[in-house]
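Coming up is one lone chain in structure tokens, specifically the form predicted alone.
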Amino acid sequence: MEEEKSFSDICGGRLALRRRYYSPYCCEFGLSSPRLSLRSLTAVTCAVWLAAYGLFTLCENSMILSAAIFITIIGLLGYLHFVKIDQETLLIIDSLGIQMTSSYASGKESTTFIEMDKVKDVIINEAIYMQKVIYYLCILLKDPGKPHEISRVVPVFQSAKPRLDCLIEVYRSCQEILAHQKATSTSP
């Protein structure tokens, strides 16, 4: 079963939350942000090239125009490959673990897997960001030496920065799966 809902990020931008249920104890959440705007891309490119043309008219050196074109192309490729994340996915399977995947605009994907026996809990935490309080979903990892303590906090959906209403939907589903996993792991 698949469903999609629309939410907003902390800046008011649109986000789409896609939820897929593979079974009652396996769920995938995909959070998609808007693609790169052609308008903003054109504006940045024109600004760089106009500044380069202004320098060209002052210095009369054609290397300035060539450098502006080169810097614009390299900057755009770097932005698409290392910065602009189109989709973040959280896959939680009660018997295996949690997989987080980030898909970049260039097609590159980055995946992290956390085994379920290392997961202590999934929580919604708060932080101060740009003079406002924001909420974020994070995974608490158990300390191997002291199982009742936390060794690391792993944030989820770092790029999209969804608002609290979106995080609550993901949190509730994660808690249902974690509760089932804890119940089955403690029963004889």
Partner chain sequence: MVLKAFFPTCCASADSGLLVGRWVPEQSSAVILAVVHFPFIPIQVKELLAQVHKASQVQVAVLGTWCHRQQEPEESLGHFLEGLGAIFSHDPWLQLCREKGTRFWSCKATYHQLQGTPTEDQVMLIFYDQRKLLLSWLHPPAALPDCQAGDSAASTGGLADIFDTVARSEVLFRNDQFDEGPVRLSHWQSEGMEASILVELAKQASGPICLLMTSLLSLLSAASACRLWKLWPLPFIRSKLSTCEQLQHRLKHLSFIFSTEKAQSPMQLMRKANMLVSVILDVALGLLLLSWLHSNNRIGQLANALVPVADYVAEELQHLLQWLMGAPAGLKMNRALDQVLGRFFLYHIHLWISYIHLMSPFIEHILWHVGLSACLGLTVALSILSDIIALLTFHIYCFYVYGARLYCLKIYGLSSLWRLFRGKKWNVLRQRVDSCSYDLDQLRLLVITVQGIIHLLVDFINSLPLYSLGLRLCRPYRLAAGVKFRVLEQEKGRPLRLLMQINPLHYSHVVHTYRLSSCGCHPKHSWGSLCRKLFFGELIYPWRQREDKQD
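Numbering follows the first chain given and starts at 1. What you see is a predicted model; the values in this text were computed from it and never measured.
Just so it is clear, the following notes concern the form predicted together with its partner chain, a form of the same protein that is not shown.
Proximity to its partner chain in the predicted complex holds for none of Gln87, Gln131 and Ser159, with the criterion being a heavy atom within 4.5 Å.
Stretch 23 to 31 is the answer when you ask which of 123 to 131, 23 to 31, 62 to 70, 48 to 56 has residues with heavy atoms within 4.5 Å of its partner chain in the predicted complex.
Although the partner is absent here, Ser102 sits far enough away that none of its heavy atoms falls within 4.5 Å of its partner chain in the predicted complex.
Although the partner is absent here, Leu76 lies well away from its partner chain in the predicted complex, with no heavy atom inside 4.5 Å. Not displayed here, its partner chain is approached by Ile93 to within 4.5 Å at the level of heavy atoms in the predicted complex.
By the criterion of a heavy atom within 4.5 Å, Ser6 is excluded from the residues contacting its partner chain in the predicted complex. If you take 143 to 174 and check each residue for a heavy atom within 4.5 Å of its partner chain in the predicted complex, you get nothing at all.
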